[in-house]
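In the block that follows, a single chain appears as structure tokens, in the form predicted alone.
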Amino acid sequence: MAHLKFATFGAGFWAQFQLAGWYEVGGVECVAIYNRTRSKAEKLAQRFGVPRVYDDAEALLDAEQLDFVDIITDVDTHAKFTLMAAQRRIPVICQKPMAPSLAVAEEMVRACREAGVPFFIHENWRWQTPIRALKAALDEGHIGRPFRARIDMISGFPVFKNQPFLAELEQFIITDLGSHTLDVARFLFGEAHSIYCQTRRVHPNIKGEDVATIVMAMGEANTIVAVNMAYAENYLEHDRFPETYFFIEGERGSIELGPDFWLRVTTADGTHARRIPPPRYAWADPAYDVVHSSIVPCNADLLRALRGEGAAETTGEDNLKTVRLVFASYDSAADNRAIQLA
């Protein structure tokens, strides 16, 4: 089967892992890299053997014969590059968060739909090995109907030292981390019927919120789901960044995904525990191991869809539902009220 040819837009921190993930999957060839700072594109191209670089996005799209583009730039440029590709009937994969506002996200989805262009969001968090195992355990039904759940992504990791631009965001943790955790909540429990949010700013020298708690009623079971997020840079006993912890209560038992990837299912028969570590790749940053490894199955799912071999999980249409939850959370926090969702 012929390799699909693609171009990468962006040459920053995440682009190197995204490219490595593509080549881990196989069946693709990156033929060009765009970056506004050409030297960064040249450095990344040299590392991965990419033949051409551009500092003009339109020039790249006009010159290259592409099967898709992978947009890994800052969120404020996602719409511009998505619309450029859609106008040329080139399928689009875009990093999360999809857009800086709900209106822009809706326009991106609408433009691709009207152009008949496949549009996907690279939402890899739900593809983490332990989270997929958690979903499988939940679907087995041993704990019965889930009535309450907690999702915790709370860490003292110095995220602002690694990515200082995050301190300048007026809206931070819900757009950044909430885009992942709210998507996972939907993946596990279905769509939200209502949402309530409270936020806090613990760091004194940042613009946005670094702590948030979101409570939703979700899915056919009307499960009450609390999503807790924090980058307060404090000290926590079980801080294993970037692991996400889960506790789900059902009518006949409970499921927990805790530190070091231990999955525990408790019913009348007792507790059955097993460790579900992620695969390790030489190219992954050990500090982000569970996240970087999830790039591979996410890319594989998107590649199947690009080849017409089935529907992808994280389409633009689907991710728009997560984007709506992100901005409904901000509305709820601003007004200090629960919001009923259609």
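Throughout, we count residues from 1 along the sequence that is shown. In this text the structure is predicted, and so the values were computed from the model without any measurement.
What follows is about the form predicted together with a small molecule, which we do not show.
Can you pick out, from Phe119, Trp125, Phe189, Phe81, the residue that has a heavy atom within 4.5 Å of the small molecule in the predicted complex? Only one listed residue qualifies here, and that residue is Trp125.
Select from the listed residues Ala41, Val291, Leu60, Cys298 the one whose heavy atoms reach within 4.5 Å of the small molecule in the predicted complex. Exactly one listed residue reaches within 4.5 Å, namely Val291.
Tell me which of 173 to 181, 102 to 110, 232 to 240, 70 to 78 has residues with heavy atoms within 4.5 angstroms of the small molecule in the predicted complex? Stretch 173 to 181 is the one.
Distance check, Gln163 to the small molecule in the predicted complex, heavy atom within 4.5 Å: Yes, Gln163 sits close enough to the small molecule in the predicted complex that at least one of its heavy atoms falls within 4.5 Å.
Indicate whether Val215 is a 4.5 Å heavy atom neighbour of the small molecule in the predicted complex. The answer is no: Val215 has no heavy atom within 4.5 Å of the small molecule.
Might Trp14 be said to contact the small molecule in the predicted complex, defining contact as any heavy atom within 4.5 Å? So Trp14 counts as contacting the small molecule.
Close approach of Val159 to the small molecule in the predicted complex, 4.5 Å, heavy atom: Yes, contact at 4.5 Å.
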